[in-house]
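Take a look at this one chain, the form predicted on its own, written out in structure tokens.
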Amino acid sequence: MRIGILGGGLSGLGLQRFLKHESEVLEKQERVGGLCRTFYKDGFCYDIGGHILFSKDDRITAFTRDILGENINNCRRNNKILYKGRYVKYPFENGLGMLDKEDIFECLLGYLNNGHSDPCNFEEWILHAFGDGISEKYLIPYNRKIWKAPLKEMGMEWVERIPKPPLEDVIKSAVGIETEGYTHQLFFDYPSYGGIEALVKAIIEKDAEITTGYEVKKISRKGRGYIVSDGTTEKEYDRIVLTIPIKEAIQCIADVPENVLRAAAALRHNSVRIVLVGVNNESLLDKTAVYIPDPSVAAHRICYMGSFSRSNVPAGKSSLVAEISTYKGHEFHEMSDASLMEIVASDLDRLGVIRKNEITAADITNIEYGYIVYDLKCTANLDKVKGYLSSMGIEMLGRFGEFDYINMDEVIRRSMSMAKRLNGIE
């Protein structure tokens, strides 16, 4: 059986590695990697945000460590939340003891005396899970920055990604006893050299059939198989797997019912603009990431690339990447790179993270598909699109192929699972 894999990100390349059937990856860009690409500027190396390798599934950890071999750096998380000018331990509920006493009281009271009823949307879920204090001081303003949407208009399909802390931990934190949250990601791996793209390169086997610069424009059935075309060259497969955005894939198929097209068009996503800032000192090496709920600051998160691996920065220097989510029509989406860079640099200077005169390198990478926005109609619309594609026998895989907000470890796990199923098909 010959399988066409549409999209050369982590999910498509992972699937190809695990398949026993003949397969070909078709990638629109001139290089593979998707969201796991790494970029270089003036000796600085940076990823599309803070990519780290961790998993509750020992099989995934064993796999990534095996293929990276000696090219692996073992790290301990040192994330902070910049709140009222101070660096509070991450997650917020584990850093309550670092707040002003009035803030501590309001957070603890809200958590212990939580009268919020069962939730019907994401904002109500936050309040129901964490109470007024923690929600209003951190979780609600921070999530508004990421999603660029009213949280009352978002669903709860993905909230299992946000663990609810044990009562004991919240009380300990409030009285100043050291606690750790999200312990499954307290320690993580990262490539020693080559950024997160080193993982992608390690996944690709020497004889892998990969075609880059191939933009899929048409998908059609031919007997029991499929024809894929870029408008010039046709390729024929027995099965196809979509890892490209499902919203784009549906446009490549002729005679799709109008209600399915409307459902696909209604699926919402945010883009992300990644701003590299390199400085002429080593001041940006003491943290892994900083979360910024302040709505007056453009970035929702900054990641210190040298803390993942010193090879990401030149000797004597350090860097961060600022992540800014946008959507078409938003002011940050339409803003020029130069204007956005000025805003980010000014924000960082105002916050005391860096001084503008320390900057020696700057770069911006714009990513169209960054975050899935789970609005209240997302599940119903997605079911229509997936149902139609399934009726055509088309497989879907990956964050935007399935339209599901999943981490790298889950992408690899699903690639393994799909390969196992397809390997059993003659």
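All values derive from a computational prediction rather than experimental measurement. Residue numbers here begin at 1 and follow the sequence given.
Just so you know, the form predicted together with a small molecule exists too; it's not on screen, but the next bit is about it.
- With the small molecule left out of view, the stretch that reaches within 4.5 Å of it through heavy atoms in the predicted bound form is, among 378-386, 32-40, 57-65, 358-366, 32-40.
- Only one of the listed residues (Arg268, Lys137, Arg301, Lys145) places a non-hydrogen atom within 4.5 angstroms of the small molecule in the predicted bound form, and that residue is Arg301.
- Of the listed positions (Val373, Ile48, Ile394, Cys45), a single one reaches within 4.5 angstroms of the small molecule by any non-hydrogen atom in the predicted bound form, namely Ile48.
- Contact here is defined as any heavy atom lying within 4.5 Å of the small molecule in the predicted bound form, and by that definition each of Gly7, Glu215 and Pro245 is a contact residue.
- At a distance threshold of 4.5 angstroms between non-hydrogen atoms, Met418 is out of contact with the small molecule in the predicted bound form.
- Looking at Asp347, you'd find every heavy atom of it more than 4.5 angstroms from the small molecule in the predicted bound form.
- Not displayed here, the small molecule is approached by Val411 to within 4.5 Å at the level of heavy atoms in the predicted bound form.
- Within 4.5 Å of any heavy atom of the small molecule in the predicted bound form lies no heavy atom of Glu123.
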